[in-house]
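So this first bit is one chain, no partners, the form predicted alone, shown in structure tokens.
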Amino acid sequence: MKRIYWIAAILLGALSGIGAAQAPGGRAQSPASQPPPQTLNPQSYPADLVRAGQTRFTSECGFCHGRDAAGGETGPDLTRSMLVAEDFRGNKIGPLLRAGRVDKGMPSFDLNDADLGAIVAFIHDQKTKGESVGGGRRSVDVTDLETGDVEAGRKYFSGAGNCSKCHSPTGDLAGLANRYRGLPLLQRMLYPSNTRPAPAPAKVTVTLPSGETISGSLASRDEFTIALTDSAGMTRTWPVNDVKFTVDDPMTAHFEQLGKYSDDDMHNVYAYLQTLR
């Protein structure tokens, strides 16, 4: 059964250190399918303390670890951290917050006991919720992606996937894995139109009732109007019912491919792209 592996605003990292398990048949299984480590000393906190901790955590820690402590811009998923699993009412989290981990980019925090206690309460509350759902965390670790077969990906790229019709491993994709690694590489592969630098805009040719044709870069398109930017940099717009037009968008193939990939195909192609250095 073919499925689309939707990657949204999910980011890398987990302190838990869980490696890729083996699925039946010896194939590597994503760590995301593994449950988080169980809290050694289960603990609960008053709801008002958790709410206070959520506010403080969001302002102090949310940018790196996510608003829900499940992984963010640069920080790991705390609900899967062994340090959090071993913590009892801040005896491990507290010293870490106050000392920081400068070598890993984590600053120290000057927190009073009340603020520290609230943050600890929120983190443990989120971890308890994480334990209740088992695996399937929303953040993505590098090892989640390391399940593909390079040779199978090479064959799909040149064969069934039709990728080689537009791309060349020695041309536009040469050195790709040096520019993009891990999740950014997968995002570039699946959703190139949503990544930076953005790909070239689609080209559009509009045929007027008089027979005149005007070409340029697609500026916008909806069910009512079509707009392009011509060679002089001017934006021109027409009602779609008044003209004929054709759009040449190289991204179309990527959109169509999303519905064709199986999970294995996707990870195999990703594994192959990692070799393009």
Ligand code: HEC
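Residue positions are given as counts along the sequence shown, with the first one as 1. For clarity, every value in this text was computed on a predicted model and none was experimentally measured.
Another form, the form predicted together with the named molecule, is not on view; read the next lines as being about it.
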(request) Choose from 212-220, 44-52, 245-253, 232-240 the stretch whose residues reach within 4.5 Å of the named molecule in the predicted complex, heavy atoms counted. (result) 245-253
(request) Name the single residue among P169, G90, G161, G72 that comes within 4.5 Å of the named molecule in the predicted complex, judging by heavy atoms. (result) G161
(message) Quick check on P76: any heavy atom within 4.5 Å of the named molecule in the predicted complex?
(response) yes
(message) Even though the partner isn't displayed, in the predicted complex is R179 close enough to the named molecule, meaning a heavy atom within 4.5 Å?
(response) yes
(request) Using a 4.5 Å heavy atom cut-off, state whether Q126 contacts the named molecule in the predicted complex. (result) no
(request) Could you confirm whether L173 comes within 4.5 Å of the named molecule in the predicted complex, counting heavy atoms only? (result) yes
(request) Output the sequence-ordered list of residues from 44-70 with at least one heavy atom within 4.5 Å of the named molecule in the predicted complex. (result) F57, E60, C61, C64, H65
